[in-house]
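Single chain ahead, by itself, as structure tokens, in the form predicted alone.
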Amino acid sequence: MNLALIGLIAAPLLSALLSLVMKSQGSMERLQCVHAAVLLGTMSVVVTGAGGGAELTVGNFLRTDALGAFLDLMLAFVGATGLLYALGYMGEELIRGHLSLRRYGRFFCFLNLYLFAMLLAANLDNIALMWIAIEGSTLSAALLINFERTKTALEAGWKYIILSFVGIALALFGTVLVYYASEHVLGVRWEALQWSELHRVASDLNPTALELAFVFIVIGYGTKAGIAPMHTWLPDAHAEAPTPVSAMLSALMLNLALYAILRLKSIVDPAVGTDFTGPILLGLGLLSIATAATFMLIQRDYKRLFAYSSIEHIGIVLVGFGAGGPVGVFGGLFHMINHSLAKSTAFYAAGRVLLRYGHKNMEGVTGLLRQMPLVGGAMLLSTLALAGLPPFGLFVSEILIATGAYVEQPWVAYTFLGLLAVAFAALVYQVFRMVLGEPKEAGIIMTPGGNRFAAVSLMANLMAMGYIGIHMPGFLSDLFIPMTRIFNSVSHG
């Protein structure tokens, strides 16, 4: 029995329960700091154990291979920095009287339940139980999006619930179709729902049933991933949710939904070939980039700007898996982790700006580098990373995806690069107006405690983002080799 894997999943659940009985802000801070340390420690053991193609299992329910550990890495690292950031952000709201101590504890309960559901989904070896866990993350996210109880937050929360529930219902139908195909090969038993068994017999499964299942699951989980045209909930939810939640929605939940799609792709491709899944992912990817680039040009809300940037980057990942061949698959996976770090950093910075100025209007925010040097610098660096400039990892992943697409289909590479140029111009133009120039408003001076938590979160993300941009750590390469093998074994159909 792997205790580290159990600890990684159980820690957020335990923290959620304890958050409801904390009697002071200080005790909550100590609890969440310990929780963040446990997340990082257990994640390190899991990632190391799953390196080189090994698998960690707990009974017949939990199984973590390289792809699962890769998602664990993102969930635990950004989850830990997000918890620390939330202590500063929500602590500031508590000190200002915008939040009672009871609701302060309830926020961390919901946030930890959200992390628990995502970590559970990433490590379950059962396609049906994974669907249930993802549904759990949907419910906890809905409570977080509507946490501030404003009219716009309520509207965004209901929009998210309605669209996500429609999507998750379609994903359920796709799951049923996968089981229909597998039970004809594996029989009516538990193993017919296990990812490990499905992967082993993938080439023997009914291709027609898998094709239909893939369409439903891409639409279903694609709604949660913010893939255009199923993306309409995403800008509203990111703009209206408390900023720590916005960061985790973009950096974690979108990757979890992509993970579910990629898991199914690894089952469908051996039976059907990439000529079926590739064009679907490619078309949705290019549409997502084009949609995001267009709306980024006209944004006046900086949180909505970063939300549309998330749609763009999900599209980039889909292009890598849809048309990039073996090189593009590697680039798509590398893009996921770099985007997770860069986008959470951008939202952390945006949250501090919101606390200072009290509004999300870009026209009223200028001179961040002078007025808030750390926050302005973090927003500038994360924007340069999201724009795909060196030395950040998103530059490497986008070059790999474009190269892979050019080898497979040159017109895709030209279209891809053209759309990226539009998105680059829109993002850089909008953010540079905020970070440069003279400040227009003085804003509210924030408490030292909140600044310390924000500084730790921003610096941790920036260092990780910069490090993997210039050097691939050994533990990451140990994950990437078996991960890419999952897809590249059938990449030529």
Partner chain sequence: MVIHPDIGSQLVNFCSALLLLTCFAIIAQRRLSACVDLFALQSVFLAVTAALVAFLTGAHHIYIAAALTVVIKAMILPRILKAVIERLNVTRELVLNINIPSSLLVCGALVILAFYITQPIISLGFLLTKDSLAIALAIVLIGFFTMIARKKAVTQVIGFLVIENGLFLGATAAAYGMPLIVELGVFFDVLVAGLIIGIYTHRLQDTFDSVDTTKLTALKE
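Residue numbers count along the first chain shown, from 1. Model, not experiment: these values are computed from the prediction.
Below, we turn to the form predicted in complex with its partner chain, even though it does not appear here.
Exactly one residue in 354, 94, 286, 161 has a non-hydrogen atom within 4.5 Å of its partner chain in the predicted bound form; which is it? The residue in contact is 161.
Which one of 361, 152, 203, 100 is close to its partner chain in the predicted bound form, taking close to mean a heavy atom within 4.5 Å? Only one option qualifies, and that one is 152.
With the cut-off set at 4.5 Å between non-hydrogen atoms, does residue 240 touch its partner chain in the predicted bound form? It does: once its partner chain is placed as it appears in the predicted bound form, residue 240 has a heavy atom within 4.5 Å of it.
Does any heavy atom of residue 124 come within 4.5 Å of a heavy atom of its partner chain in the predicted bound form? No.
Please run the contact check for residue 132 against its partner chain in the predicted bound form: heavy atoms, 4.5 angstroms, yes or no? So residue 132 counts as contacting its partner chain.
Tell me, yes or no, whether residue 258 is in contact with its partner chain in the predicted bound form, where a contact means a heavy atom of each within 4.5 Å. Heavy-atom contact with its partner chain at 4.5 Å: absent for residue 258.
Can you say which of 167-175, 82-90, 272-280, 112-120 gets within 4.5 Å of its partner chain in the predicted bound form, counting heavy atoms only? Result of the contact check: 167-175.
For 188-215: residues with a non-hydrogen atom within 4.5 angstroms of its partner chain in the predicted bound form? Contacts from 188-215: 188, 190, 193, 206, 208, 209, 212.
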